[in-house]
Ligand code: ADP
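Here's a solo chain for you in structure tokens, the form predicted on its own.
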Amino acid sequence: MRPILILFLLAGSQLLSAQDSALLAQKKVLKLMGCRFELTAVAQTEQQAWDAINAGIAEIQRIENLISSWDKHSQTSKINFNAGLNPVQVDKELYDLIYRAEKVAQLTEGAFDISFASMDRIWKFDGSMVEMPSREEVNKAKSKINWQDIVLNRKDQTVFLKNKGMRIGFGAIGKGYAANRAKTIMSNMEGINGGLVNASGDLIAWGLNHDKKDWLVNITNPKDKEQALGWLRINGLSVVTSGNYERFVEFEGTRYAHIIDPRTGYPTTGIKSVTLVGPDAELADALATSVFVLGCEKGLELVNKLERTECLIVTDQDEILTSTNLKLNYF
């Protein structure tokens, strides 16, 4: 996901007053999984904070090696290579991630689908596209998309893509999962009082920040990334924002977001940004994409049915829509 959350975080480290037990906050920014990550740890000592950050980084790198579809040696690449040929036995962790992805696909009636990856060859959002792909190209790629053609065998712990040319990818769930895992590792380490992991907009925070308060997160205005629409105080929650203003193509005055509707094979339109708030970064990651695809009415209808999950949508007309119980503080 995209770096579209503005955060009030501690840059570097800061020693707090003696009455705060001399808590220290450390932060590191680096590129992981092809995007910008920020990891912050609040601890009793500087060494404890850095140990937690380094452990979180190692965990994210491990997950990247597991789920990357670009690394030809990864289990995900092996699944894709054997599409239409053979089931592939995988680690339980990857199997379970794919199983959960299928559950989200079922929940969203196919608006979320990790087999969308065949579209990567058709739509490019790196500035290289000069014209729309033909309908024939889109339809050919779309014919490879169907989450129900991902066959899971729990007994043998195998994954099989039924049709040749099918591909799975974790671009809409992987960074949320990595943020979850890094949080789990870091929060269980000695001396850690709180922390935050931000995977380019897939953010999860726990405990207290350097001021011994809940974490303050600003929601970026998609019209101006230097401005904020409002802010939230969070603790033990994730905030995931997806927008169409970082990666997109524009043809004949219409902006097409990098998020593909797996049901049509075409990029989504009509929404500028979606922010999901909930207890789990992985699920919030998947749901942010799903709401983009479902659209405002159906997207909010889905979110309002889910416990402890809230949503904010900014439409192409700059209308702000929210789920029933979102407590957003506006400027």
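The first residue of the sequence shown is number 1, and the count goes up from there. Because the structure is a prediction, the values reported are computed rather than measured.
There is another form of the same protein, the form predicted in complex with the ligand; it is not shown, and what comes next is about it.
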Of these, 299, 56, 262, 278, which has a heavy atom no more than 4.5 Å from the ligand in the model of the complex? 262
So, residue 289 and the ligand: in the model of the complex, are they within 4.5 Å at any heavy atom pair? yes
When the contact criterion is heavy atoms within 4.5 Å, does residue 171 count as touching the ligand in the model of the complex? yes
Answer for residue 111 alone: is it within 4.5 Å of the ligand in the model of the complex, judged on heavy atom distances? yes
May I ask you to state whether residue 241 is within 4.5 Å of the ligand in the model of the complex, using heavy atom distances? yes
Among 177-185, 151-159, 74-82, 254-262, which stretch has residues with heavy atoms no more than 4.5 Å from the ligand in the model of the complex? 254-262
Going by the ligand in the model of the complex, which residues of 278-305 come within 4.5 Å of it through any heavy atom? 285, 289, 293
